[in-house]
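Quick setup: one chain, the form predicted alone, written in structure tokens, and binding and motion questions come after.
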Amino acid sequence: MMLTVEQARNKILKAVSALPVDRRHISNSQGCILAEDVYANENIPPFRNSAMDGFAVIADDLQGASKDQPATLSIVEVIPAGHAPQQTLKSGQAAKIMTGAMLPEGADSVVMVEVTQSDQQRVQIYESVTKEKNVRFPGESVKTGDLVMSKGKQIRPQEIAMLASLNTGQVDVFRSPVVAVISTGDELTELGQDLDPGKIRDSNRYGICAQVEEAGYQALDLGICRDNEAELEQTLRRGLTKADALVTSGGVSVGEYDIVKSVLSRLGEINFWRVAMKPGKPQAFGLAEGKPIFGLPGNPVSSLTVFDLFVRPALRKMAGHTILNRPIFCAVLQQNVVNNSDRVNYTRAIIEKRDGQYYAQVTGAQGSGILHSLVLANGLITIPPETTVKSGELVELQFFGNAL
């Protein structure tokens, strides 16, 4: 019996947990996931300040002010940003003030410099203002005690700026996973070597390492393992000592030389599945020394697709994310697509947006060894089992990487 995609993914996600917490300086936290709630320990801004360059005034002094009948006020001080006012403003007075500078006592609004004309002693103001105009108030952004960021939030540049504003230099974050990547098989040839008869280039390892890094995590390339159980076991054990998760490609189907099964089974509790999907039916997943091991198919399209649908969400959970899967959209299919199998087809497609609607076109032949079909695609469309989707009908889609 084959598992559905949802059943397989749920089993994997149930088995993995967030990694331990690191204490990091905010300058080294970008991309990480908060492992704690962050509260404001002070008001931002901490005092009333001006939203622009201009003059701090009392609004009542400017009633009826116009270009023909300006209000004339005496300037009692100049307040640069970073300097505390020295005067309390009284009726008939103004203080020249810079953006971000503290408002003096008595002032209740700010007029922008563009509607004024001044010398050293006096300012003429050609517009009236309402009270509190162009004034930023204490706690306007956040107040002391406010929950500013919740556990599970990803730290971006704007979060780092806010943490610095809160005088928070260190935060608890979930550690990002290190992922060991291994290709298996006697047929594989490394880059730069001659391609002997019967051999193929090892593309999976490079593609999977790139997928790990695209997801924001560190890939540990452990190279090619030949069809030798001792060599494979030694490499896998090395991966378990250095990484938080292992990803292999090849050796999880029913072939006579698929030795990955026996080696993985000795390392831990590994389950070998057939998943009702195309490409990517044969898979393996389990735990060894508490660390997840993902056995991906050997066909390049299959391995990259299985990584995207199963491994990537698991790594995101390990890194502390709460949103694990890629978002699903709908597109209008631009050709007839037939799926006669009992498995859901993840079909490579080029998706375009026109007039607010997505449109999908299949990228040619869809064999699991046709890697170029992925190169042409910017997403996957989902064709349910034993279904014909006609041109003009809607299909579900998910984009690759940053294609959205």
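Model, not experiment: these values are computed from the prediction. Note that residue numbering follows the sequence shown and begins at 1.
Quick note: we don't show the form predicted in complex with adenosine monophosphate (AMP), though the next part is all about it.
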Listed range touching adenosine monophosphate (AMP), judged in the predicted complex by heavy atoms within 4.5 Å, from 195 to 203, 114 to 122, 238 to 246, 272 to 280: 195 to 203
Partner proximity in the predicted complex: residue 295 to adenosine monophosphate (AMP), non-hydrogen atom cutoff 4.5 Å: no
Residue 211: touches adenosine monophosphate (AMP) in the predicted complex, heavy atom cutoff 4.5 angstroms: no
Exercise: residue 188 in contact with adenosine monophosphate (AMP) in the predicted complex, heavy atom 4.5 Å: yes
Residue 109: touches adenosine monophosphate (AMP) in the predicted complex, heavy atom cutoff 4.5 angstroms: no
